[in-house]
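Next up: just one chain, as structure tokens, the form predicted on its own.
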């Protein structure tokens, strides 16, 4: 009898450890640790707080837009406009400051409304007109880019009169206020995804939309909200860009949509599955790799090759993790 109890404890502890290893977040954390160990061995100053804090602060801009991308991709769609939606939102902040002389709060609200509007248009086109999210968001990407260049006439737009320099220079806990805001948004988004009805419905729609509709879930509404959230987070990225540079520029956000897709994929996000914590680790892995290659003076072209290889490897590992999890459940 005692032997059975001991064996049961061993099995349960073994399963608990296996559950821990099969967590998507752990699959991302391991390569981060490996990269840090290898890079620190070659360059001992890599893991000093002064250097690593710059890596953390570099995560802000792609990171906050990756949160929005994650909402859309969990719903089973994709948003290619996220980079230039943020850019246009930043440009509108520059217009409100430089031409209309609005205060800080109205400027921020206008920027957020711009991002939300882009997201709403994407959502309506995909859900109500039945267009592909790839085509729709690619089109809105070009529209946002064209509007940003046209409105700004290709010139930077200063926001110095908003008085954001103090906010930008502050270093609470050795990082910036923008990073702490990004971390707060990441945690809140993770809680929404895990603990709210919307998070449950979003996973259901992304996992099997037909089954979700049969269960009484309004799939169109869920997806439209996801696109609007993506637009809002894109606007946050644009706001951080503008505050960081003290000006709005039509070049901000260039190529960011693909970086967010990479970070979201590394973080284990797929239709109906994934967590925002995984997205955070995905963003961190991307930037640790990027900074590690730079500090090791790896050729720029080779950097792109290695980043692409890491993306493929991370997806393969995630597929293997899901297969192991499926086998364990089947037993």
Partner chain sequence: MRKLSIGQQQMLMIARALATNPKVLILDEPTTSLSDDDVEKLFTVVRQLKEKGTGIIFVTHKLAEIIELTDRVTILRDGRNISTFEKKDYDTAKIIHDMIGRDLQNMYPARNVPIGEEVLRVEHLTVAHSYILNKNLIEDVSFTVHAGEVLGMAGLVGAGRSEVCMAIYGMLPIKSGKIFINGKEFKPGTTEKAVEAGISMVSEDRKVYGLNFVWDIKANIAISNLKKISKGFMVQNKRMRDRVKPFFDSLRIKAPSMGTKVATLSGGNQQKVVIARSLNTESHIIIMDEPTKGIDVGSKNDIYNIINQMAADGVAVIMISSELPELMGMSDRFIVMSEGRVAGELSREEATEDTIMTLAVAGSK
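Numbering follows the first chain given and starts at 1. It should be emphasised that the depicted structure is a prediction, and the values quoted were computed from it without experimental measurement.
Missing here is the form predicted in complex with the partner chain; even so, the following discussion is about that form.
Contact check for residue 169: no non-hydrogen atom falls within 4.5 Å of the partner chain in the model of the complex. In the model of the complex, the partner chain sits within 4.5 Å of a heavy atom of residue 197. The partner chain in the model of the complex is not approached by residue 130, whose heavy atoms all lie more than 4.5 angstroms from it. The partner chain in the model of the complex comes within 4.5 Å of a heavy atom belonging to residue 214.
Stretch 215-223 is the contacting one of 135-143, 215-223, 158-166, 113-121, since its residues have non-hydrogen atoms within 4.5 Å of the partner chain in the model of the complex.
Checking 147, 125, 185, 204 against the partner chain in the model of the complex, a heavy atom within 4.5 Å turns up for just one residue: 204. A single residue from the set 273, 40, 303, 54 has any heavy atom within 4.5 angstroms of the partner chain in the model of the complex; that residue is 273.
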